[in-house]
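A single chain, nothing else alongside it, follows as structure tokens in the form predicted on its own.
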Amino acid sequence: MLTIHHLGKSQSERIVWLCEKLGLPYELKCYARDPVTILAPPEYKALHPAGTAPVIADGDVVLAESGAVVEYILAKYGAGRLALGPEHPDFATYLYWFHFSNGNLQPNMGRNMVLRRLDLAPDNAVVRAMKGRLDHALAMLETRLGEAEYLAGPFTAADVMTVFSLTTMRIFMPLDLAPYPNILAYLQRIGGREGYRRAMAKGDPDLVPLLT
């Protein structure tokens, strides 16, 4: 059986959601962040050399990095669900949006978060450049979600990978989504999905998902 080591308010929520959606049996072990540093506790960091969330265990396999974990679970237990294969006409679209969050949106949010904490002037050249990159990433999402109900067309693991950045990540990097009505409508659709609701209730029961 899979063991999901879930760090509260982290990207490991993706893995809980994925397993709930697939109906896979799993053991959930939850860890709280340090109340002062907001970092993972030592026992979580000891699970894998990366020291970051998520981490899963599957027999002798211990795996980190959310994209790798999602691909591993889909390949081993997905039975073709939540992924589009090479024969599908939207395969390339699926691949692009699957990797978009961790390759584009999430890093840009992280950079902007750090710059905010440095309290630099708004007209600082680096601040302007990084804000521009984040705005561009959000604009791309807004456009796509005006074309399709979900990122690859049907609901897929691309959505599982992306929603954290638009919701829980905003605890650490506040972001006004009012200028993006398609993204907000998308988050409402996500919030109505039973698998997502079960996952958030199990992994972060004290957190109200940021769907607005």
Ligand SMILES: N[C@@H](CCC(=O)N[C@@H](CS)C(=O)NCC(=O)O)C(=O)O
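Residues carry their position along the shown sequence, with the first being 1. Since the model is a prediction, treat every value here as computed from it, not as a measurement.
As for the form predicted together with this ligand, it is not shown, yet the points below apply to it.
Undergrad: How about T93 - does it come within 4.5 Å of this ligand in the model of the complex, if we only consider non-hydrogen atoms?
TA: Because no heavy atom of T93 falls inside 4.5 Å of this ligand in the model of the complex, the answer is no.
Undergrad: I'd like to check something about G51: if you look in the model of the complex, is any of its heavy atoms closer than or equal to 4.5 Å to a heavy atom of this ligand?
TA: Result yes; G51 sits at the interface with this ligand in the model of the complex.
Undergrad: Using a 4.5 angstroms cut-off on non-hydrogen atoms, would S66 count as touching this ligand in the model of the complex?
TA: Contact check for S66: yes, within 4.5 Å of this ligand in the model of the complex.
Undergrad: Residue-level contact is defined here as any heavy atom of the residue lying within 4.5 Å of this ligand in the model of the complex; does A158 satisfy this criterion?
TA: Outside the cut-off, so no.
Undergrad: Within 4.5 Å of this ligand in the model of the complex: all of S10, R33 and K45, by heavy atom?
TA: Affirmative, all three are within 4.5 Å.
Undergrad: Can you pick the stretch from 139 to 147, 51 to 59, 183 to 191, 23 to 31 whose heavy atoms fall within 4.5 Å of this ligand in the model of the complex?
TA: Heavy atoms within 4.5 Å of this ligand in the model of the complex occur in 51 to 59.
Undergrad: Can you pick out, from A152, V70, A40, L166, the residue that has a heavy atom within 4.5 Å of this ligand in the model of the complex?
TA: Filtering the options by heavy-atom distance leaves A40.
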